[in-house]
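Next comes just one chain, in structure tokens: the form predicted on its own.
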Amino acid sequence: MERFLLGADQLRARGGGKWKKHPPEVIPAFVADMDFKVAPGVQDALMMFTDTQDYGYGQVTDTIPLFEAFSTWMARRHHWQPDPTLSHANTSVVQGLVATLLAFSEPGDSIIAQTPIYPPFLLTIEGTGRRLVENPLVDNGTRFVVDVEGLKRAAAQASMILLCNPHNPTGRVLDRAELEAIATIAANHNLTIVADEIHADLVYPGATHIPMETIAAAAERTVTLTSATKGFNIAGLRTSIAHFGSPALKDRFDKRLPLHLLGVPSRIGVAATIAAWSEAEAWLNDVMRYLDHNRQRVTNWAAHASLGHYPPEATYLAWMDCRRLDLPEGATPQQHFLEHAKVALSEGLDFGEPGQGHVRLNFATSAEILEDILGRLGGAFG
């Protein structure tokens, strides 16, 4: 048995939001946390603080090792060596998303997003007084792809493209042709690209993550948002990176946002992130092999259940089209499965209008719990 697995009783005894939101009879498969223990090196980094009760202030220079570890990890894992000096530390990628919207656009500006999309994209565009321009992904019969012609039309009225790659919720890893097309359109219309690449470490065999900043036409206009939180299961430690493709971009960001407005990550989160990127690659590789088995299990189950589903090329999230199911009128699939299967999934409409009739399932759990989830869902089909 893999050392990182946790049983349902252990998970319910924890204090995290995933297993506490619903009553004990409900199995949570919604929020993007993994039901796994963290890597030993990460745990050791945390214990250094608790063993010595070292919870005081840090130093201004504490983020320098973080930025260097980020650059080294990206070079080793993704063949991209970002300049550490063009980095900024945030608490979360969503915070970085809001900050870049404020820094590189104005109220009323049109912002492009490829829907269905991670709900905070939609919420932050609205919450900052910007206007959403949807460029929905296209189902080509084998996977979801970028609508390049639609993007060309949308770009004429926009100031920024928000990109999620690997894509949440569909699990697509955009290929080089798609990224180059996006970069060319952005250059032609002088658009800033904000690329959420938080799932980059969770790519399965057969796909390759290409950082947007490695695309020549995009590099100097791209801000990359990323974190170790998804790949290494440390979301509660609240540490992320914004990396700027040019000094001019970082200078504008720094000037538009007052000093101390964003705050900084905690020393504990910084130390855990450095440990993840420096010491935990073997753990990640083991986790990815386990997740790949779960991914294949979900794919086979979905095929027999007559659900619309493409195996994700990355992430541990399965995007399910439930529109062919005979469900009660007026209830969304998410509501139906919560009530009748006692499984909590993510509501498709939260990801935008293209998510109607869909759910998102998190399969980053033990094979035993996953079988319980799939069995319950199957028993609740109309």
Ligand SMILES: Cc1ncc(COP(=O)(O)O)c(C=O)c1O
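Computed from a predicted structure; not experimentally measured. Note that residue numbering begins at 1 and tracks the sequence as displayed.
The same protein also has a form predicted in complex with the named molecule, omitted here; what follows describes it.
Interface stretch in the model of the complex with the named molecule - options 124-132, 191-199, 260-268, 284-292, non-hydrogen atom within 4.5 Å: It is 191-199 that comes within 4.5 Å of the partner.
Answer with one of 38, 69, 45, 32: the residue that has a non-hydrogen atom within 4.5 Å of the named molecule in the model of the complex. Flagged contact: 32.
Of the options 238, 88, 78, 309, which one has a non-hydrogen atom that comes within 4.5 Å of the named molecule in the model of the complex? Filtering the options by heavy-atom distance leaves 238.
Quick check on residue 230: any heavy atom within 4.5 Å of the named molecule in the model of the complex? Output for residue 230 is yes: heavy atoms within 4.5 Å of the named molecule.
Taking the named molecule as it sits in the model of the complex, is residue 93 near enough to touch it, meaning that at least one heavy atom pair lies within 4.5 angstroms? Contact with the named molecule, yes.
Is there a non-hydrogen atom of residue 170 within 4.5 angstroms of a non-hydrogen atom of the named molecule in the model of the complex? No, residue 170 is distant from the partner.
Contact flag, residue 276 vs the named molecule in the model of the complex, heavy atom cut 4.5 Å: Contact with the named molecule, no.
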